[in-house]
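The chain below stands alone and is given as structure tokens, in the form predicted alone.
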Amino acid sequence: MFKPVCRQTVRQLRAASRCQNVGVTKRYMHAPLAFDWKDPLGASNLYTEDELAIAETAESYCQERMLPRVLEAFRNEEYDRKILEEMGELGLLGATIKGYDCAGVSSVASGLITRAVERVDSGYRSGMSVQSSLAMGGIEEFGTEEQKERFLPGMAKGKILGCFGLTEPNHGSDPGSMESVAKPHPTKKGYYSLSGSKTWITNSPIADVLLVWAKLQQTGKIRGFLVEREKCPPGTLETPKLGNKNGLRASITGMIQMDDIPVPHENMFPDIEGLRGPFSCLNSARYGIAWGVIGALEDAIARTREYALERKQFKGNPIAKYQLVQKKLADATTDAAYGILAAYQVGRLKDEGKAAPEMISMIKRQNCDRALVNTRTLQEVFGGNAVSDEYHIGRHVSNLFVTQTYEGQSDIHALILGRAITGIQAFC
């Protein structure tokens, strides 16, 4: 039972509160807070000290070590796998996993890492996201203890690289119709034989362990398999690179071509069946994307602001003086601030076990859409100079088109939300 509070006590509390508020008001009248365009809604006040320290570490590494490499990587479609080793040394890989040499940080902290990486380039974030959320996350959530001990410590250090094989050439948004199959191996007892093809797989050409989803022939159920490259006989596994991309050129993308790969029974996830397994992994990655794309947008805002202040046109005025330029910056900055707060809220709920998958669909869709729209608009401020990759804005635009498309295209997430709102399935 709660003790009732007498009316006199309530009056006293209200009077004290009014006095305090007057004092606060007077202080702020004398010392108004300055608006911070880099953190418009004060999101940094919500983070813990540990989260702020992790964000600072990630930001310093990304700006000092990754940014100087990005232009050549994007121009030449070259990905340096040492980047993942460097991230591993700082504890940035599989950061939310507890144990197995992983940092065990909060979901918000992992989002701040992702934001810092994608502020440099979406391709770099994609390589990290596949390693951390899809490959390591899948093993941590669904693997046996033996599988976790065997793979996760090396993956956390970036010494073992992973990829995630779900999408197929004929089945992108419809993974339930996949054609990859696992059946009892005809000659090796205790082994499955995997055959099929996956495409648009980040990290596949350099991956040491490939998390592949295939239908088990006996049951027709989708199961997860850990394919170890070094144990595949010649001719059974090919992972050709997919080149000449318009976006994510700083990451490496390929296929997974399987022709009767022998995979031991102990390399199959023991309990998870159906699409719940891959979708769970994808939800973690999508959550990271929701943070990451805002990092790309924030970099676009900073570069546009700097350019607009320096570029002078019409009687020597900086183009930042003109209304249309300011409106573009205002729209982009507002959407970035809202996007961060939404991602923060879902991160806190995620750690409390209260985040519905549709929440992640919402922030992934909205943040990707707004990041792409705003960065395309900010690109106009650069005029013809936007064509030069040295201004970086065109690279962000190309990348953000891909982020809006992969791991659930924007319209697919709209249908997921529509189903949750109406209770009616619109996919078929």
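Remember, predicted model here, so these are calculated numbers, not experimental data. The first residue of the shown sequence is 1; numbering continues from there.
A second form of this protein, the form predicted in complex with another copy of the chain, is not displayed here; the remarks below concern that form.
Partner-proximal stretch of 146 to 154, 328 to 336, 259 to 267, 226 to 234 relative to another copy of the chain in the predicted bound form, 4.5 angstroms, heavy atom:
That would be stretch 328 to 336.
Identify whether another copy of the chain in the predicted bound form is within 4.5 Å of every residue in the set M66, I206 and P278, based on non-hydrogen atoms.
Spot residues vs another copy of the chain: no contact at all.
Report the residue, out of E78, D174, E179, D271, that has at least one non-hydrogen atom within 4.5 angstroms of another copy of the chain in the predicted bound form.
Here the answer is residue option D174.
Please check if S388 has a heavy atom lying within 4.5 Å of any heavy atom of another copy of the chain in the predicted bound form.
Judged by the heavy-atom cut-off of 4.5 Å, S388 is in contact with another copy of the chain in the predicted bound form.
Contact flag, K215 vs another copy of the chain in the predicted bound form, heavy atom cut 4.5 Å
No - in the predicted bound form, heavy atoms of K215 and another copy of the chain never come within 4.5 Å of each other.
At the 4.5 Å heavy atom threshold, is Y322 in contact with another copy of the chain in the predicted bound form?
Yes - in the predicted bound form, heavy atoms of Y322 and another copy of the chain come within 4.5 Å of each other.
Do P169 and another copy of the chain share at least one heavy atom pair within 4.5 Å in the predicted bound form?
Output for P169 is yes: heavy atoms within 4.5 Å of another copy of the chain.
Which residues within 44 to 74 place at least one heavy atom within 4.5 Å of another copy of the chain in the predicted bound form?
If the 4.5 Å heavy-atom criterion is applied to another copy of the chain in the predicted bound form, 44 to 74 yields N45, L46.
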